[in-house]
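As structure tokens, one chain now follows by itself in the form predicted on its own.
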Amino acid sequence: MPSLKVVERDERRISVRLKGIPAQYANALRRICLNGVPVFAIDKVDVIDNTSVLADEGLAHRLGLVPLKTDLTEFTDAGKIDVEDPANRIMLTLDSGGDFKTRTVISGDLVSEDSYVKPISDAIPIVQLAPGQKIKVEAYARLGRGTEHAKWNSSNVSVLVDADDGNDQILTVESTGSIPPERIVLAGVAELQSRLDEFGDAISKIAAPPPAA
């Protein structure tokens, strides 16, 4: 009977043994764990003030690459969420203020309107400001998948290798920190099952005999 067994796990990384699972399904799970599990990332940035050496586009790009914590239990139908609806976005603000010394703006300077969706670390550097320089932005994060852009990747790496014995395989997933690694695997399994069900329904419709005249 197909099964998954945890071989090794820590805060950021998990390895599971896939037993009795066809190689094509195991590889599909690997790909989903890499870029198919939805996470939050900053997608739109309104620059109110920016006197740094970094152009507005560069600042927006860096903010987009800051991993954000994501709680998938709040988004059970993430694939059906209207990403254009403002209600499905989380706003984060950043106001460096003025200063008379050189300083580095870091991810900890971002203030989120959501108590959970915030940077995974307060120490990620964004831009260095010279004396007198400042930035002020309003950033909006939304759910997305890595198939759309790498900033929505839920994991840094997802590797599948053959186990030492039998036909088992070992799947290793290293989280970006947005979601615990075990949650990535569980969400990946659920997503794979959903895709297989949709595919099965599509095949059934094609194979079904035409209605009688």
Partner chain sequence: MLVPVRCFTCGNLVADRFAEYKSRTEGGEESGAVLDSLGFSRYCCRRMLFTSVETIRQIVPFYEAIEMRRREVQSELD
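No experiment lies behind these values; they were computed from the predicted model shown. Numbering follows the first chain given and starts at 1.
Heads up, the form predicted in complex with its partner chain isn't pictured, but that's what we're talking about next.
**Q** Work out which of the listed stretches, 172-180, 159-167, 140-148, 25-33, brings a heavy atom within 4.5 angstroms of its partner chain in the predicted complex.
**A** Only one stretch passes the 4.5 Å heavy-atom test: 172-180.
**Q** How about I90: is it within 4.5 Å of its partner chain in the predicted complex, going by heavy atoms?
**A** The answer is no: I90 has no heavy atom within 4.5 Å of its partner chain.
**Q** With the partner left out of view, is V45 within 4.5 angstroms of its partner chain in the predicted complex by any non-hydrogen atom?
**A** No, no contact at 4.5 Å.
**Q** Applying a 4.5 Å heavy atom distance criterion, does L186 contact its partner chain in the predicted complex?
**A** Looking in the predicted complex, residue contacts with its partner chain do not include L186, since no heavy atom lies within 4.5 Å.
**Q** So in the predicted complex, does L72 come within 4.5 Å of its partner chain, heavy atom to heavy atom?
**A** No, L72 is distant from the partner.
**Q** What I'd like checked is whether L4, S15 and G20 together line its partner chain in the predicted complex, meaning each has a non-hydrogen atom within 4.5 Å of it.
**A** No.
**Q** Could you list which residues of 112-147 come within 4.5 Å of its partner chain in the predicted complex, counting heavy atoms only?
**A** Read in sequence order, the residues that approach its partner chain (within 4.5 Å, in the predicted complex) are I120, S121, A123, I124, P125, I126, V127, Q128, A130, P131, G132, Q133.
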